[in-house]
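Just one chain is shown here, as structure tokens, and it is the form predicted on its own.
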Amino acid sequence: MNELCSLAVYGAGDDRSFALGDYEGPLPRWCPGCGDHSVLAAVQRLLVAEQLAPERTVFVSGIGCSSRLPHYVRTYGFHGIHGRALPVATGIKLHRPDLSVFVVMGDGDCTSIGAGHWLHATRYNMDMVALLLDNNIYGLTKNQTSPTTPQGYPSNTQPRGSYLPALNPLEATLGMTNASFVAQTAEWIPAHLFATLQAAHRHRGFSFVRVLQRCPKYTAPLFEEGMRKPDVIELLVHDDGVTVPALAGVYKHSIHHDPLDLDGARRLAEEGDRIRLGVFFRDESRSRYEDIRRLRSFTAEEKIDLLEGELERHAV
């Protein structure tokens, strides 16, 4: 990614076009069959479709298998510490609102150590896309129960099965003040995954997308039924949501849901017999933090002067 530093600053007259190769980074090192591969492919496809300039796009991650994604995309990236991807992304967006910011987190990264940041990022409603890659387990550290692990499912830390009911990230986000975009998709349905990411990117505000994701090593059985039995899936369809006509012949169950209906979204987010995919809630009228707290922009010379002033202030 270092070669991006030498790129010139392009303005509104930028007539460049980008192909898939412009976004491809090193060969991913995830396990064969890991759902992260599918997410990476969808993300790169989105970058091409939206023609996002690599030097004006940032991926921020925490710690976990999914958090390696910024290494495999040829844009700018910040690999942060466990649970702290969202505050880093908030700082980036606050100081550079012109950038396209994506946040990639795992279920432990987001809903456990990062839970406080996740809820407040929802309340801040800054214009970014937050992807929760939820495989229901701590995978990188080798099979520990996470907040989204189903009750009774065994792991190395709870070998007799998870003690508590699984946390539902959709319900939690929909219950937070100022939520503006909440969706769920599955990595084994590429067309739906891409359409959901595109809708999230085009939304102005904090777009929270839960991606149901297979872990072939530790939680392979959890999404097996949803992957092999189309009748288990129920699609939420609406003109303001995600509608993929090509999937109608595969997935027979669908429900017409208006994403502006928050109460309806909360009811649909409850666990049931089917896996519901689509946009649960979308409201661009919600206030955005970067609009409320506009920061003064500084020239390069002013930034250097301010930095030198701070260093001088703390000099011994």
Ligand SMILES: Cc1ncc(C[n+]2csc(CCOP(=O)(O)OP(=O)(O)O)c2C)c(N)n1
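Owing to the predicted nature of the structure, the values given are computational and were not obtained by experimental measurement. A residue's number is simply how far along the shown sequence it sits, counting from 1.
Only in words, not in the display: the form predicted in complex with the ligand, which the text now covers.
- Among residues of the shown chain, residue 63 is one whose heavy atoms approach the ligand to within 4.5 Å in the predicted complex.
- In the predicted complex, residue 135 approaches the ligand with a heavy atom inside 4.5 Å.
- In the predicted complex, residue 187 stays away from the ligand, with no heavy atom inside 4.5 Å.
- Although the partner is absent from this view, residue 120 stays clear of the ligand in the predicted complex, with no non-hydrogen atom inside 4.5 angstroms.
- Of the candidate stretches 187-195, 153-161, 106-114, 227-235, only 106-114 has residues with heavy atoms within 4.5 Å of the ligand in the predicted complex.
- Checking 203, 79, 82, 74 against the ligand in the predicted complex, a heavy atom within 4.5 Å turns up for just one residue: 82.
- Site annotation in the predicted complex: the residue of 167, 92, 222, 140 reaching within 4.5 Å of the ligand with a heavy atom is 140.
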